[in-house]
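So this first bit is one chain, no partners, the form predicted on its own, shown in structure tokens.
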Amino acid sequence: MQASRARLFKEYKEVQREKAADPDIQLVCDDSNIFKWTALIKGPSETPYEGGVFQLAFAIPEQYPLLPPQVRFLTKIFHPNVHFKTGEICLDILKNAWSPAWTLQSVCRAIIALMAHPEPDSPLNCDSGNLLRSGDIRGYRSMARMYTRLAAMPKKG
């Protein structure tokens, strides 16, 4: 557990130092628990998520970085690889392809890349996956855009 605390403290210092370097990701450590983090990530441009800000919750195991963090969307998102109700994310690096070389920041980057390049063949959201697999890109983009507007964009006025 001591090693994981040291690693997380190192990542915390890097995040503080590089805040301006990555404007798409804002990682925040819980004040009272270094094993709980949240992130705000910006929806990638030229996707239905553009203009949205999505909140992620990180639960970091005591064996980190040997085991991956548990990450889920707190913001509702219509995406084939994200469970609509729980926010669970289907991403290989969070499961069997994890490596201690990954950091919380790089996990956020990978999630942003997944948002831009969905994998409809391993869906957690079957409705979204089915739209993409059947070739209804317009339907998928329109639903994803609607949920982005409803859940991830600041309310006007």
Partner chain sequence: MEKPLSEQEPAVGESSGSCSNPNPIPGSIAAMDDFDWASFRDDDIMQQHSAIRAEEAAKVPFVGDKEPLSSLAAEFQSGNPILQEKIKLLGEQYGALRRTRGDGNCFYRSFMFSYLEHILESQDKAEVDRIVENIEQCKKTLQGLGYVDFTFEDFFSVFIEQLESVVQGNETSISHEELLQRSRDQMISDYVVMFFRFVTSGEIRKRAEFFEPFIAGLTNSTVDQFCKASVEPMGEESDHVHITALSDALGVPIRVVYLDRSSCDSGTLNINHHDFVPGSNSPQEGAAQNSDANTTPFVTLLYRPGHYEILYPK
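Everything numeric in this text was worked out from a predicted model, so none of it was measured. Positions refer to the first chain, counted from 1.
A second form of this protein, the form predicted together with the partner chain, is not displayed here; the remarks below concern that form.
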property	result
Proximity of Asp136 to the partner chain in the predicted complex, heavy atoms at 4.5 Å	no
Partner contact for Ala3 in the predicted complex: the partner chain, 4.5 angstroms, heavy atom	yes
Touches the partner chain in the predicted complex: Lys19 (any heavy atom, 4.5 Å)	no
Partner contact for Glu50 in the predicted complex: the partner chain, 4.5 angstroms, heavy atom	no
